[in-house]
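Take a look at this single chain in structure tokens; it is the form predicted alone.
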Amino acid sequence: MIFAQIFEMINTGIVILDKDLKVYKWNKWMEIHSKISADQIVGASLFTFFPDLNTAWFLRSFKSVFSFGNFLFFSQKLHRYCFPFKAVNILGLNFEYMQQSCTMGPLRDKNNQIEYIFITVQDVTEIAAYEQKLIEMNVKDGLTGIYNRRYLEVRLKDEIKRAKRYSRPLSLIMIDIDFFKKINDIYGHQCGDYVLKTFSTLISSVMRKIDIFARYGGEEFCCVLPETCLLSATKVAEKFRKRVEKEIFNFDGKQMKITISQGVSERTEKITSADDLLKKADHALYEAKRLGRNKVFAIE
């Protein structure tokens, strides 16, 4: 009686299966999260209700536990979940399904023979959400939500290695918002923050998914373009320039327009490091500013 109450009230899912993978026990936690009552599922094959579990890895795991009496653990980091239960949105992060850590083990009879297999299901969605948030904080810029300089430098090194190994083109655009200091001085830093965030969203919306867009520092940004030669990268930068130039920024009843200057560089045989490519793009950016700003300048 006491153990039956614990089985039903514990804040963990518990499933007990017989050797034919038919459900022998299905506790209240599993009922609540699956929306399947014990009366419906007990006596039926687990795969009748969860056909996606009918996989080689699950069958192999089940057979291993029944044959050798060992315990298996299914980590959330590796499997995400075993049972596709809808997740509650936590910390603003949208998991479609509850993130789970599961354990599979044997249940023996009085003769020490394995009669059933149990599976426990623990909801670790909140932990996974915290971990994802920490990862994002480490690679994303806190103000704009795009990648930060640390992430840019790591990815740029990787992209240079890949481009060199496979002899593929790689280009970099360095972007600076023209006269950004005046925006802060005239309208205030809150307006400046608004411009940075809106600008980041604007550029993100017109770039390719494979490109890497990051805030380099202050009002400077970088866009890494894999599989892109200098000529194509210059055309992309010109598209950015025109898109920003025609945008009207509205903040607190005030309307303003901004322009950007851009320096474009391409990896060549002489470019052996991320620093070299960044310096080349920075030099090109200086030339774009020297020529009057709201320009794109490319260095071969």
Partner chain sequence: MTKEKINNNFSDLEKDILQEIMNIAFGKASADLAELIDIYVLLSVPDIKIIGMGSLPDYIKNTISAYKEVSIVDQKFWGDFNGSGILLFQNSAGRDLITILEDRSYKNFEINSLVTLEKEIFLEIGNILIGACVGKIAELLNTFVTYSPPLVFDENSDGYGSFPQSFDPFQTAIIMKTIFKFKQKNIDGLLLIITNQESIGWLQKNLHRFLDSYQ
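Note that this is a predicted model, so its numbers are computed, not measured. Residue numbers count along the first chain shown, from 1.
Just so it is clear, the following notes concern the form predicted together with the partner chain, a form of the same protein that is not shown.
Novice: Looking in the predicted complex, any heavy atom of Tyr130 within 4.5 Å of the partner chain?
Specialist: Output for Tyr130 is no: heavy atoms all beyond 4.5 Å of the partner chain.
Novice: Would Ser205 count as a contact of the partner chain in the predicted complex, using a 4.5 angstroms cut-off between non-hydrogen atoms?
Specialist: Because no heavy atom of Ser205 falls inside 4.5 Å of the partner chain in the predicted complex, the answer is no.
Novice: Please run the contact check for Lys140 against the partner chain in the predicted complex: heavy atoms, 4.5 angstroms, yes or no?
Specialist: Outside the cut-off, so no.
Novice: Using 4.5 Å between non-hydrogen atoms, is Ser75 touching the partner chain in the predicted complex?
Specialist: It does: once the partner chain is placed as it appears in the predicted complex, Ser75 has a heavy atom within 4.5 Å of it.
Novice: By the heavy atom within 4.5 Å rule, which residue out of His189, Lys181, Arg149, Arg108 makes contact with the partner chain in the predicted complex?
Specialist: Spelling it out, the residue with a heavy atom inside the cut-off is Arg108.
Novice: Could you tell me which one of Ser67, Thr48, Ser232, Ser273 places a heavy atom within 4.5 Å of the partner chain in the predicted complex?
Specialist: Looking at Ser67, Thr48, Ser232, Ser273 one by one, just Ser67 meets the 4.5 Å heavy-atom criterion.
Novice: Just one stretch in 172-180, 195-203, 77-85, 217-225 has heavy atoms within 4.5 Å of the partner chain in the predicted complex, so which one is it?
Specialist: It is the stretch 77-85.
Novice: Heavy atom within 4.5 Å of the partner chain in the predicted complex: which residues of 43-67 qualify?
Specialist: Residues within 4.5 Å: Ala56, Trp57, Arg60, Lys63, Ser64, Ser67.
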